[in-house]
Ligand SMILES: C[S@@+](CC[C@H](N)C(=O)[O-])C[C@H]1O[C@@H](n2cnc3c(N)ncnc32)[C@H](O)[C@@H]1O
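This document starts with one chain, in the form predicted on its own, laid out as structure tokens.
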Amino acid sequence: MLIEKFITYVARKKNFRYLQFSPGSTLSALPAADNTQRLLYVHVPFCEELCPYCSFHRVVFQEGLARAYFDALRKEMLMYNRLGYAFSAVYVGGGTPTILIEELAQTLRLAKQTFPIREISVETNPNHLTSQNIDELKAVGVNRLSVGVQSFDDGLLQAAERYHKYGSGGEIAERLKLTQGHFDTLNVDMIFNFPSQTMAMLEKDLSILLSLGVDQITYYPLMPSAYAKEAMRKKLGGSVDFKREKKFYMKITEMLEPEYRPSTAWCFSKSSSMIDEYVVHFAEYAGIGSGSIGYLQGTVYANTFDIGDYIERVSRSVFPFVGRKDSSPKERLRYEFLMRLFGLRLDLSQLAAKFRGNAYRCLWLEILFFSTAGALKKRGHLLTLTRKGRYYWVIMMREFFIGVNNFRDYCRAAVNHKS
């Protein structure tokens, strides 16, 4: 456990420093010759009800506000087009993106008309797996549907306040069975290390997934923000115990790997396909919508978390940025090191060419540490994660996303204080 504690401590400390945003509201246009593959992330923050463990930017659904919001999303999308940005893929997250299916379809149609889109991934919840929604999503060209299931255990679903919204674990499994085969990839999002979750509960969830044979499974560790931790204590009856996380993760890999291959440290696929962690396949991405975070040209930026402010600014063709972080060359290099190896492998020669320098000279300490710890294998310029290394990367990505979630909490608190 000592090495895991050390990795957690260092990752938490570095993330705190990297996620110090400064006020700012400008992005420069890309040079015309730039051919970087970029993704467009679209955030839809509306949910019928709010889950206690979720740290994403989300609010309770109001139809009038949501329709005005989708209209603003389409306007913001065109603002990026006017600046010369081109996107080859779209990822729609939330919230619940399918909460107004006709608005979502209109938004995706505009994206395809505006940009050279080749892949579209959309998140949804089990209660939205209806024939009408599936037909609408297929018609607009969605390749990958990602369903937030979290667990099939009825007791856990009740504690997490999901049972009355989405049905029993058995009912959710039936809906997934009916959806399988309609898209290139059906992904199921699961969570492990809930406070009340036992190893037996995890094994049963895994057995159900294997019997369903879905295309892809993403198994996240629970990574609550400071605010969500307090909500979880009240609703789920306890705190996250990181000491059991490794045992759960090893059980997941043990049971899934005969049927699935790892796509990232916590995603398992039957074939090559888009994944939830688009940061692995796309070095740059624009974030549109309230609370979106983007990374373009070495700059991390955040949109306003105030939905009314977001709609008002975009209506005036003003980018809704509230903060930015301009990364140094070393920070960019270390970010690439983290993200590429989260995707299991990294070519140091490609990294050196991208940053016009000796990548190993900057990263030698990290490479030495993880190689000595048995996490990395180095063959020439290629670094690959071992199974042990994949868990270490789960720790670092867990801390990365907790840091982002804490930043979201800070932004939401500022909005609430303002109102």
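Note that residue numbering follows the sequence shown and begins at 1. Everything numeric in this text was worked out from a predicted model, so none of it was measured.
This protein has a second form, the form predicted in complex with the named molecule, left out of what is shown; the following refers to that one.
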query	finding
In the predicted complex, segment of 313-321, 248-256, 215-223, 108-116 with a heavy atom within 4.5 Å of the named molecule	215-223
Residue among Y69, F370, W393, Y53 with a heavy atom within 4.5 Å of the named molecule in the predicted complex	Y53
The unique member of N125, S263, Q197, S292 whose heavy atoms fall within 4.5 Å of the named molecule in the predicted complex	N125
D189 within 4.5 Å of the named molecule in the predicted complex, heavy atoms	yes
In the predicted complex, R162 touching the named molecule (heavy atom, 4.5 Å)	yes
The named molecule contact in the predicted complex: G95, any heavy atom under 4.5 Å	yes
Interface membership of Q150, the named molecule in the predicted complex, 4.5 Å heavy atom rule	yes
